[in-house]
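So this first bit is one chain, no partners, the form predicted on its own, shown in structure tokens.
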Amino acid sequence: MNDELVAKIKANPNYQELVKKRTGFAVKLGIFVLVMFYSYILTIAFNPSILGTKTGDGVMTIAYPIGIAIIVISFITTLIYVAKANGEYEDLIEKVREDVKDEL
């Protein structure tokens, strides 16, 4: 790919919209997952008695369901990103391809 083609792709409004939307969405999802994960870890580090609370007469504490929920939510956020990438972002990528296909 030559520099002229790269410059043309970067100047394409659909490409700029793609980068803006994809970056903003990825940052928001990333921050959400990191805050959730580090909140859990910091709770373990600084106040473990909260997560050590037993859920019943057994040995299970509330840390187990919260930990499992964090894993499940992380998978769900990944699925949301993939669905959006395969839908909205793929449409924008196709528009960029159409705009520059004569130069490929």
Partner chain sequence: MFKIFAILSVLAVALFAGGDATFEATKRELNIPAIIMFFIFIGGTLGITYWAARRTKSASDFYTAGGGISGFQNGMAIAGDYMSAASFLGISGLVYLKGYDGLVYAVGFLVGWPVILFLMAEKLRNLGKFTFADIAAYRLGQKEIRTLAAFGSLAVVTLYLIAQMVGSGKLIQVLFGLEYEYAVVLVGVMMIIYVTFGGMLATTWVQIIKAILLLSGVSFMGFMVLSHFGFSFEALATKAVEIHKDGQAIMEPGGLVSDPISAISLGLALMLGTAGLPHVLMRFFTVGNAKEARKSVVYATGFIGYFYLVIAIIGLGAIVFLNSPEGAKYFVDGKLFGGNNMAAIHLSHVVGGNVFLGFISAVAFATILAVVSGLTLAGASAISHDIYASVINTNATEEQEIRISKIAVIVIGIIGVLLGIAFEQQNIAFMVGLAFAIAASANFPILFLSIYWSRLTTRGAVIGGFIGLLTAVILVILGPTVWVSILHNEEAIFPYKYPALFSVTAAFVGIWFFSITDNSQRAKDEQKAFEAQSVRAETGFGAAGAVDH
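Residue numbers count along the first chain shown, from 1. Since we're looking at a predicted model, the values are computed, not measured.
Form predicted together with the partner chain: not shown, discussed below.
Contact of Asp3 with the partner chain in the model of the complex (heavy atom, 4.5 Å): Yes, Asp3 is a contact residue.
Please tell me whether any heavy atom belonging to Ser39 falls inside 4.5 Å of a heavy atom of the partner chain, as the geometry stands in the model of the complex. Contact check for Ser39: no, nothing within 4.5 Å of the partner chain in the model of the complex.
Any residue of 26-54 that, in the model of the complex, places a heavy atom within 4.5 Å of the partner chain: Heavy-atom contacts within 4.5 Å come from Ala26, Leu29, Gly30, Val33, Leu34, Met36, Phe37, Tyr38, Tyr40, Ile41, Leu42, Ile44, Ala45, Phe46, Pro48, Ser49, Leu51, Gly52, Lys54.
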